[in-house]
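Okay, so here's just one chain, in structure tokens, the form predicted alone.
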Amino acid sequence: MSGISYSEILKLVAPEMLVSLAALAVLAIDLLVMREAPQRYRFWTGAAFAGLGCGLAIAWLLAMNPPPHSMSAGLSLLQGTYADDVLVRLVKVALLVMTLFTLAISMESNFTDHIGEYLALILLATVGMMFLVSSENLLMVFISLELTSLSLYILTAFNKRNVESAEAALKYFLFGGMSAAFTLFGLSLVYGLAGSIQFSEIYSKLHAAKIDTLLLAAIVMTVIGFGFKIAAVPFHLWAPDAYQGAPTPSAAFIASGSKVASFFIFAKLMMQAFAGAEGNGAWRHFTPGWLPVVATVAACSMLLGNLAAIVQGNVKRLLAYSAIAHAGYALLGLLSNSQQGMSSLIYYIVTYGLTVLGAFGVVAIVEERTGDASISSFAGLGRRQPLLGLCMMVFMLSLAGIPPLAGFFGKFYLFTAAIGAGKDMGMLWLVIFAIAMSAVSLYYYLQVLKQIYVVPAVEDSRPIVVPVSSRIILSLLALVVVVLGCAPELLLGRLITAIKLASHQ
């Protein structure tokens, strides 16, 4: 960091500081000023201040000059503790946008009286994710993961009126603690082999090394640790209960923002630090390395996630198993091990995050009005609340990968990147399997739409009243999903440019 002044460092970390200050401000305003105000007014005011902090952070990121000392290369401070480049800034903007939408779909909730604490935890989790995507240092990666995870554990348990929320949080915490142990053990092995915790130095020490038993153990342990974070099979057991038991806005945040940050740093670690230790994941030509390990995890995730989702009667649980399957699809971008693969991975997880936020937003309203998130609760929704039914149709079809929605182009770009990896199309077997599993997924997504548009509503059911703010938020999310499907270059073009600039480091 020679030549970098403290004022420049403060400018770099200003977005994280703004979000942290917003968390403290929301907590102070709710506890000191608005404790006696009506709950809805407190939620709106707190979300407005939290959104202001996120908005200022986004504006700062977009207004920042290119990384200092170079128009193309990124900047790495304190041995990779904080890295800054155009791609990292773009991912941070995506995280902040998802935080804003999470705050928006939380505003009409009434599951807690501790509103300041709830909103502050969302912002602190966001800070952890922002530091996570800026990390190129194993220790900072672990610290950021734990800051994010601790906030998410508490958010899962925030509905004290529901015993399932406490049970879900306990399972999430126990599995998360186990994953932290695996992650730390794997990273300690990497440090023992490379003698460094910085990604670039790990690469320089390991890229030409023979893949022995110890290095393979380090790779497997690292994949296990991150497998818990992204809810990939067989490390997914916490996800269905956490999604079902957590307050719906909390589940939406776990399914969107945390997945974006976890996938990004996982891909960064594998493609940068473990470059040269890939091995081969081609069918019947497996050789030791991280490619065959990740390929196996991806195939198992797609298989179990899609088959288990078919028999679910609760939409939140269905979305949890769907998330497991989508983790398998997203890993195809990592398996391509290329710039195209990285851009396809980020595009996919960002569009998936926005889509699943919208789906959980609809579920939150139906659950609030009917007291249940079962599939049968959506019966006749297309007639009881046409706008809500239309938005849910957009989200479900996008998750299924139906054109011209964002989910279709995301899968198409992922599959193209995976097929183009290598000279012998070694990942073709996994792409074919992914296409088959996508066809399976269409069945259970259509089951939800069948309830919305085909099955009549219960005789004594009343029209669902949706607040104007919720209508605007859900309509905006549905519009974003359609626009990013019809004009993917709006996001993809920026991603490709950012990845090319970051690769010149």
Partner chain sequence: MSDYLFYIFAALTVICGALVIINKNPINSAMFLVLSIASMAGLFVLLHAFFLAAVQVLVYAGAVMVLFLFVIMLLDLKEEQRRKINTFGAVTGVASVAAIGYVFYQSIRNTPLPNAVAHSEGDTVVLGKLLFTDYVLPFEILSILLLVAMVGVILLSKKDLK
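Since the model is a prediction, treat every value here as computed from it, not as a measurement. Positions refer to the first chain, counted from 1.
Form predicted in complex with its partner chain: not shown, discussed below.
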{"query": "Candidate spot Ala275, Ala295 and Thr355, all three touching its partner chain in the predicted bound form (heavy atom, 4.5 Å)", "finding": "no"}
{"query": "Residue stretch of 267-275, 385-393, 110-118, 329-337 approaching its partner chain in the predicted bound form, non-hydrogen atom distance within 4.5 Å", "finding": "110-118"}
{"query": "Phe185, heavy atom within 4.5 angstroms of its partner chain in the predicted bound form", "finding": "yes"}
{"query": "Partner contact for His207 in the predicted bound form: its partner chain, 4.5 angstroms, heavy atom", "finding": "no"}
{"query": "Partner contact for Val483 in the predicted bound form: its partner chain, 4.5 angstroms, heavy atom", "finding": "no"}
{"query": "Contact test in the predicted bound form: Thr81 vs its partner chain, heavy atoms, 4.5 Å", "finding": "yes"}
{"query": "In the predicted bound form, the residue from Met140, Val133, Ala379, Val97 that sits within 4.5 Å of its partner chain by heavy atoms", "finding": "Met140"}
{"query": "Members of 127-157 lying within 4.5 angstroms of its partner chain, judged by heavy atom, in the predicted bound form", "finding": "Val127, Phe131, Asn137, Leu139, Met140, Ile143, Glu146, Leu147, Leu150, Ser151, Ile154, Ala157"}
